[in-house]
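Just the one chain here, the form predicted alone, laid out as structure tokens.
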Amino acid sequence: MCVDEEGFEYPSVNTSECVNCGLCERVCPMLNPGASKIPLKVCAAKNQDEGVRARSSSGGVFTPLAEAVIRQNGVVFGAAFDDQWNVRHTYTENEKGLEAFRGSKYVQSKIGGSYLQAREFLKQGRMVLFSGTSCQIAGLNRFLGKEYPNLVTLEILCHGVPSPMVWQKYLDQKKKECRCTGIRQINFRDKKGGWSDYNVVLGFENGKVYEKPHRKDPYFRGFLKNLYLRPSCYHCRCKNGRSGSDLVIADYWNIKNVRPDFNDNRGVSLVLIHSEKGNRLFHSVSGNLNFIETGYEECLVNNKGFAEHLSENRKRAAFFKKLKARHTKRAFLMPFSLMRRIKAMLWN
């Protein structure tokens, strides 16, 4: 895997070793998209454990699903921060390990060897819950090449993935601002002020805390405005049920209009059930949830992540051009310059 000038990783083929079997092309979900599917059932759900819901980005549905799998001697895969606050896919075999997977992480997750690990667990007959974005689920399904009755795939509705390089530059700025080299906590979706008005919170080892409403935080604003997403995200071919996932979870933003009585501004999850396997797992934990069924068209409102294509920000090319020029000129990009550039492009 090689990093390009925008900070994204891409596979590089060793032509001296390649035997031209074509397998990499046959399993690529971008080259071989699945068919669009309408879900079997659509639900709005909230975890009855208010502590779990408070620590979750929306309604806290992931936790009981994952706990149910682990209690069957299963394995759960998800995205977690590493020591450098990059995001990587890993797995846990116990409930304590689920804490690292909880909460949204608006950075591209590195799959690493998780597909191989998941296949090994499946071959051992253990139940596997694999959570990831639509393209990661599609990639897993095509990699496995066959149906496993002991696999449940959980798609996290995705807006797109920002550049890991931009993410690290953002962290560099915040550490410089707080005069601290270590970060002890990152929460993209702090809900102390409510689910709909969440804050970005960074806690530093020197005790200082950075807290900003998500729409006023430069990194988050650049993410929402599609300024530095991975190029393939603007042409995603894995959404609208094409990933082949058993379940999809997201924020049910339109619940305030669909069922205002169900919305308490502490988080409501949207659950799309695409298969009987997904339906069985969801209903096995329904005793831990407050949930209602709703219509499919209703849930699409205010959830742009369902769209097949995001609109590329017209300033994207200029942003990376300036970033590259700055990098070449000074050997590195000053963090303050990066944030000023985002603000200049998106606030003016």
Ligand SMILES: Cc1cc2nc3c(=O)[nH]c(=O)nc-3n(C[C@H](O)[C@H](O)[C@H](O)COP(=O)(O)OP(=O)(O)OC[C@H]3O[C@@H](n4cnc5c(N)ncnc54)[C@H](O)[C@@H]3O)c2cc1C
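Residue numbers run from 1 along the displayed sequence. In this text, all values refer to a predicted model and were calculated from it rather than measured experimentally.
Below: the form predicted in complex with this ligand, not depicted.
- Heavy atoms of residue 279 never reach within 4.5 Å of this ligand in the model of the complex, leaving it off the interface.
- This ligand is not drawn, but in the model of the complex it has no heavy atom within 4.5 Å of residue 254.
- Under a 4.5 angstroms non-hydrogen atom cutoff, this ligand in the model of the complex has residue 304 among its neighbouring residues.
- Within 4.5 Å of any heavy atom of this ligand in the model of the complex lies no heavy atom of residue 44.
- Exactly one listed residue, out of 158, 128, 200, 178, brings a non-hydrogen atom to within 4.5 Å of this ligand in the model of the complex: 158.
- Though this ligand is absent from this view, in the model of the complex it lies within 4.5 Å of a heavy atom of just one residue from 170, 106, 204, 115, which is 106.
- Heavy atoms of every residue among 58, 89 and 249 are located within 4.5 Å of this ligand in the model of the complex.
- Judged by heavy atoms within 4.5 Å of this ligand in the model of the complex, the contact stretch among the candidates 115-123, 145-153, 256-264, 73-81 is 73-81.
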